[in-house]
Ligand SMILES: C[S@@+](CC[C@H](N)C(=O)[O-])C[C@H]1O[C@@H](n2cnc3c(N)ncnc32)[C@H](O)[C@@H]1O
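Presented below, as structure tokens, is a lone chain in the form predicted on its own.
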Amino acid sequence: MSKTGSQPNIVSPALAAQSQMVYGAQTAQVIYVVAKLGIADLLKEQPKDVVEIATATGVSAAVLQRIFNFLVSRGLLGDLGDGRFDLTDMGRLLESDRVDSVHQRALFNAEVLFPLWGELLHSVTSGESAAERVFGQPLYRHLAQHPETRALFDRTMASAARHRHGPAVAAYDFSQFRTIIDVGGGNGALVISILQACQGPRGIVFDLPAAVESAREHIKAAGLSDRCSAIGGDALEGVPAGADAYVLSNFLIDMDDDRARAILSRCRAAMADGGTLLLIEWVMPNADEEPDPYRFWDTTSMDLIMLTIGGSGGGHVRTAGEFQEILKASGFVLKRILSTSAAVRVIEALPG
């Protein structure tokens, strides 16, 4: 007979981990509730009890108690034992005003990406875009027609960019250039980061006309109007000529190879003698690599986001070999690929 309390633990570590993965959507949705209700901001200054949070959010205290119990189980809240709860270090990442906040990403994941994940099987089996199936049109057209969703997308990209730009600027010496053109530079965040770190170069943000005004506002707010400008245009038709560095950050990832080669060819034609092309992108590890687990997850996750958005014929995370092929076809020679402290890498190429 077994003694009391000596029953074997039938939940193995593998089963426990797999169970949490299977119920991952539940966790993501609870985090969305926390972000949407602003609960982390309400707990930022000091611990509070459920009734105080319920009063501030207009939600039932009994229901919130159940949500809080789950958050404690996932390590986002601490239960102080006197009815009050406080944020853990992980929970504080949901505060909306932190530099490393995931608040916007939690909202974007639930409101935009979550419906797409529900159609992942369709994308896998048919090769079609989940975005077109859900929204009836490509994602970026849907964003253009829904300003609130577009604003959420822009805020999410801006918050996520902090985790790419800083590591990329730290990993590569941008001070060697005279003029840096950021092709598809959006609101100018990358060029601003580069110019703030390097006193020598001048910067140009090049993007579609609709994005240029936002870039100009950000450049002015950063006090860099004397060293940086923004120009509107379509990279498929051509890019400004004469710079000695052309940067494309998180730009080719949502394009098929034909479109990516076309844009790279435009950069090659515009580039000054001795110029440099820099791609800041995720790179899919080869089978013989042993990548950092978080970076590997981040890279493969981004690849699946591209699958749901564009289908199998759209963009994807490329391997080093695939980057080498499209660069060669566009008139460039791959020089090196630099790792950063983030999941993205800096790909340096020279005119062939």
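Start at 1 with the first residue shown and count on from there. Source: prediction; values computed, not measured.
The discussion below concerns the form predicted together with this ligand, not included here.
This ligand is not shown here, but in the predicted bound form it comes within 4.5 Å of a heavy atom of residue 185. Shown alone here, residue 116 lies farther than 4.5 Å from this ligand in the predicted bound form, counting heavy atoms only. Interface residue remark: residue 112 is not counted as part of the site for this ligand in the predicted bound form, having no heavy atom within 4.5 Å. By the criterion of a heavy atom within 4.5 Å, residue 218 is excluded from the residues contacting this ligand in the predicted bound form. Scanning 103, 261, 268, 164 against this ligand in the predicted bound form with a 4.5 Å heavy atom cut-off leaves one residue, 164. Comment: this ligand is not present in this chain, but in the predicted bound form one of 195, 235, 77, 204 has a heavy atom within 4.5 Å of it, namely 235. Residues placing heavy atoms within 4.5 Å of this ligand in the predicted bound form fall in a single listed stretch, namely 177 to 185, out of 91 to 99, 177 to 185, 129 to 137, 271 to 279.
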